[in-house]
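There is one chain below, alone, in structure tokens, taken in the form predicted on its own.
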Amino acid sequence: MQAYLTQLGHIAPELVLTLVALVVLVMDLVWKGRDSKRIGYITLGGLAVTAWVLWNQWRTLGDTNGALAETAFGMVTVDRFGTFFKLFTVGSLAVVTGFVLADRRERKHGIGEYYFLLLGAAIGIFFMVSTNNLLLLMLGLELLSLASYSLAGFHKGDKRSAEAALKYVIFGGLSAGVMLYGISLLYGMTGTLDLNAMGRGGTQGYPVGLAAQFLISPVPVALAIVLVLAGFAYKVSVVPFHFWTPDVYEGAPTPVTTFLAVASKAAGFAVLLRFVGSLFLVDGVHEAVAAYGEKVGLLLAVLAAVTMTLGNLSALRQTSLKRMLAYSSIAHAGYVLMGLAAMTPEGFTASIFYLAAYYFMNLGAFGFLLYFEGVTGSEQVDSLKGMGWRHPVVAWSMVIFLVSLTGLPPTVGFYGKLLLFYEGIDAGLGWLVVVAALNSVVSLFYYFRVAKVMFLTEPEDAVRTTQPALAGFLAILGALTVVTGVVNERLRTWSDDGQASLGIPQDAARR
């Protein structure tokens, strides 16, 4: 009994978040949809408690070299890597909840299930980022996906929202089937669902491990890994699995789009990092498996180059700010892939840091969009004419976010991209760094087109409305984007601690 309670303690954040979700669901039924703002405040309170539990877990894991010796219930891996992304998710979800409360185009009654679905998606993220077991990973991914499908189509009377949900369901179901087939192949070949056992297993005995399969025939292994990577690529909008992103981002409510672009995308990359690291890079991996990881790294490098190029070139043509940010998120997925393609511990750290940097600048960009949707009632870039002088705090904050998204100093986006460039060069991917640098130049044109419209065009007659709370929050995010670009040692340390807890040896020479 004591052992059971101890293991329950290890998954305390998941239990707290589940309890909060149930409270939200029950209270929404009790209040019968009246004044759903109260449900939003309960959600924020529950997220605060969850964050406190996670922070205590992070500090406790510091005494165990970042990870527990055993998994909870044999499936949940408790380490600083998972805890980092859980904290990331809680922070993102708190901001998204605030956006729902501040959204002037969202009705305030009868939307209690909005918060329940957001919490359900977060529970899925919690489990998928904290496991080396492919079955639990798939279950967590599906829980996240099902909640996301419902959120994308939350405005049932809106044709765009309905279209977004339909496309998301169809493409999501297809990608899940492809990924599940790849997992079944890996299980059939190795006799285990544990990633570490797959990589460490020898040529004889049970589980067999991938090394034995390479000796027999590497083709089925390659097929299985490509299918699984295709599922991940869909989740993080990597070309050629990106086609759903612009339509879903545009059709979904703006707070939902924010959640998909920040929390959901970061979770997808977290699972991809764990999959690649646990399978090919952790200490004790068979030599043949580690060598195969180099081929996977080259594949990821090619995908990174294609993804960032297509994303940036497509964004140049967009007149809708929402679609522009959608293609921008595709391009940034390519940047993050640079760190994975390096197949080194330092490359993983750079990817984690860039995801954290992306948190500040992308939340700010979508917050800006939400603010001006309430002011102008439009998502078009042209609707921002002259708004820089009428709403200077929000407009200048957006300029900071645009500078960071481009990768210019002194913002956190510049430092994050610099880390990726360094690790790409060290890993022998100089050609990919050149492609990324050229893409950053291309992105400068469409990002600063927004600034040009705000400050260098004549304003049109419009009613001056403001949202002081949202404007103040965006100013804080803008300040953090600059501060973390200058003083980022702590964020770099947290990123490194998260990566180190995966068990990857600090020896880049293995590549």
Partner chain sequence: MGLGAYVAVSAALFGLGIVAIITRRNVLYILMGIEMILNAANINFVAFNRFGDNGLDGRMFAIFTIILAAAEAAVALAIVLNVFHLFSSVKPSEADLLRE
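It should be emphasised that the depicted structure is a prediction, and the values quoted were computed from it without experimental measurement. Numbering follows the first chain given and starts at 1.
There is also a form predicted together with the partner chain; it is not shown, and the following applies to it.
Chemist: Can you tell me which of 256 to 264, 181 to 189, 82 to 90, 359 to 367 lies within 4.5 Å of the partner chain in the predicted complex, counting heavy atoms only?
Modeler: In the other structure, the partner sits against 181 to 189.
Chemist: With the partner left out of view, is Y354 within 4.5 angstroms of the partner chain in the predicted complex by any non-hydrogen atom?
Modeler: No, Y354 is distant from the partner.
Chemist: Could you tell me if E163 has a non-hydrogen atom within 4.5 Å of the partner chain in the predicted complex?
Modeler: Output for E163 is yes: heavy atoms within 4.5 Å of the partner chain.
Chemist: Should R200 be counted as a contact of the partner chain in the predicted complex, where contact means heavy atoms within 4.5 Å?
Modeler: Heavy-atom contact with the partner chain at 4.5 Å: absent for R200.
Chemist: With the cut-off set at 4.5 Å between non-hydrogen atoms, does F372 touch the partner chain in the predicted complex?
Modeler: Answer no; every heavy atom of F372 is more than 4.5 Å from the partner chain in the predicted complex.
Chemist: Heavy atom within 4.5 Å of the partner chain in the predicted complex: which of V282, V403, L272, M138 fits that? Just give me the one.
Modeler: Of V282, V403, L272, M138, the residue with a heavy atom within 4.5 Å of the partner chain in the predicted complex is M138.
Chemist: Since exactly one of T97, Q318, S440, S278 fits, which has a heavy atom within 4.5 Å of the partner chain in the predicted complex?
Modeler: None of the other options qualify; the answer is Q318.
Chemist: Taking V169, G177 and E250 together, does each of them reach the partner chain in the predicted complex with some heavy atom inside 4.5 Å?
Modeler: All three within 4.5 Å in the predicted complex.
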